[in-house]
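The form predicted on its own is given below as one chain in structure tokens.
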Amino acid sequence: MNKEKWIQCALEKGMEGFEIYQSFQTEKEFSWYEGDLDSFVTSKFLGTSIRGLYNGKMANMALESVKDEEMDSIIEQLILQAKIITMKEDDALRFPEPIEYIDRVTNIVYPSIEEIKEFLSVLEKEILAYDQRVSQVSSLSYSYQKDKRSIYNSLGINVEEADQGQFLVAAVVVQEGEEVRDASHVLVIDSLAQIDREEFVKTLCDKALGKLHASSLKTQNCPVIFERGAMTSLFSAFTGLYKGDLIYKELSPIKDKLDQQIYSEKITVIDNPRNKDSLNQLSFDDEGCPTREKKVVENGIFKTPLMDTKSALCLKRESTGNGFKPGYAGKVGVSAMNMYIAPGEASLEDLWKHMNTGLMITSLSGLHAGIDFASTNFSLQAQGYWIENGKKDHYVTLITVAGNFLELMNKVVEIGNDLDWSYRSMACPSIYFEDCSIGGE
């Protein structure tokens, strides 16, 4: 693709600005099942999307293949698309700015195919030998991926950045009598040699075995700990609260709460695409705007909305570097990146002791159907453990948890210290709340 030629053509046809975004991905995945290599998939993919300004309106198009001889007709289609946009708000491309690139120190060691096969073979045997109730390793895989993205526009932006990672994923089924439970575990790794197989097997199998002898609960209000995984799921469902585009459109329930208390003073929310503890770090967003750390909520006070270029223009503010695409073919929109609730000092076991008796929720489901964003009400299927005398007593299933997110976040008793990024781009520690409504028997 002759990028400069495409830009020149777009400008000659009357566009005020033109941009080319490309994403190149390389991935390999090895799946192991019942003592043998089940599949080996390798892929390479280059995705290209273009966007351009015409009469202040931004048109977008994804290209499955890029052929310079089709340049004229494609740009004319882009202009036609811009002409039929009816939104009143103008958009803009960005000028280049100084970017402090993240120093990516990596110790990744890629294993050979034989090393991968040997490792997965041994790991499967160790999982099956952990406990006689382990009936099946339903999924076991190793994968690695490399990603590179680049942005080139008519205003002078010419940036690119690459990242890479390795992953180990396993799922297990356990059975006792007629009762069957399962669990999975994901590990981000630098090398196979660094993995503590014994610890991995124990974590995976204990997750599943701990779910045996499950029961429901009577409908009640009780103290609740949202364990970090469940808390992250619930928190993720409401990150739209802070998005500048929804605030401008008055669709966010906290649209008029800037610099006001919205949560308990114990809650601080930070968004930092550059966070080196997270899986991915980005020096610039998908518009070429430098990323930075910002406190979205500080001691319960809503301080900073997340913004891309367009929402910043609408709010008469500066972009926070949160303009991201859901994929190369998607449009740029406001998105959190490496957002988290600042951890406290108590361990999860400390939270159990301080609560003494109550429910710890470990997983949630039904997040799409059970969330009312406008009111922040939620009603979700949940699983977890009943805590009695400060210890895990038994696994709990077939229950629902319901409440109002804004109200819940003002009922914080204590925040745990168990923040874990693992494979996530959003993370929360475990949080102990005064009470929540539990539906059961």
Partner chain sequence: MLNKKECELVLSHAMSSNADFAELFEEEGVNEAIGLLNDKVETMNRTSRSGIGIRLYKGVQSVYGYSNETDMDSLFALVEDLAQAFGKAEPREIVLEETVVKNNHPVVIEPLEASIEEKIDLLQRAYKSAKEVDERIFKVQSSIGIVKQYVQISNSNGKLVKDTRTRVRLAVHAYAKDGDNMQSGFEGPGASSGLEFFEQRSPESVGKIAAETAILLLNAKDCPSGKMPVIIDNGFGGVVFHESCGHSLEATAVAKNLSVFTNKLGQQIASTKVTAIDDGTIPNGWGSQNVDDEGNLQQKRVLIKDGILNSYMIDTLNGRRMGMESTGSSRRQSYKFEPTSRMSNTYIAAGTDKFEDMFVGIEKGLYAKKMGGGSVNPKTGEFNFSVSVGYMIENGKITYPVKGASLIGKGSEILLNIDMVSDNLLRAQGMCGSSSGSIPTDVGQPAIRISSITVGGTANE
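Residue numbers count along the first chain shown, from 1. Fair warning: this is a prediction, and the values are worked out from it, not measured in the lab.
Another form, the form predicted together with its partner chain, is not on view; read the next lines as being about it.
Of the heavy atoms in D372, some are within 4.5 Å of its partner chain in the predicted bound form. Of the heavy atoms in Q8, none are within 4.5 Å of its partner chain in the predicted bound form. Using a 4.5 angstroms limit between non-hydrogen atoms, K316 is distant from its partner chain in the predicted bound form. In the predicted bound form, none of the heavy atoms of F324 sits within 4.5 Å of a heavy atom of its partner chain.
Not one of N107, V186 and K391 comes within 4.5 Å of its partner chain in the predicted bound form, counting any heavy atom. Note on the interface: of 78 to 86, 343 to 351, 191 to 199, 297 to 305, the segment with non-hydrogen atoms within 4.5 angstroms of its partner chain in the predicted bound form is 78 to 86. G366 is the sole member of P96, P111, G210, G366 with a non-hydrogen atom lying within 4.5 angstroms of its partner chain in the predicted bound form. Checking V413, L408, L53, L63 against its partner chain in the predicted bound form, a heavy atom within 4.5 Å turns up for just one residue: L63. Scanning 402 to 441 for heavy atoms within 4.5 Å of its partner chain in the predicted bound form gives A402, G403, S437, I438, G439, G440, E441 in sequence order.
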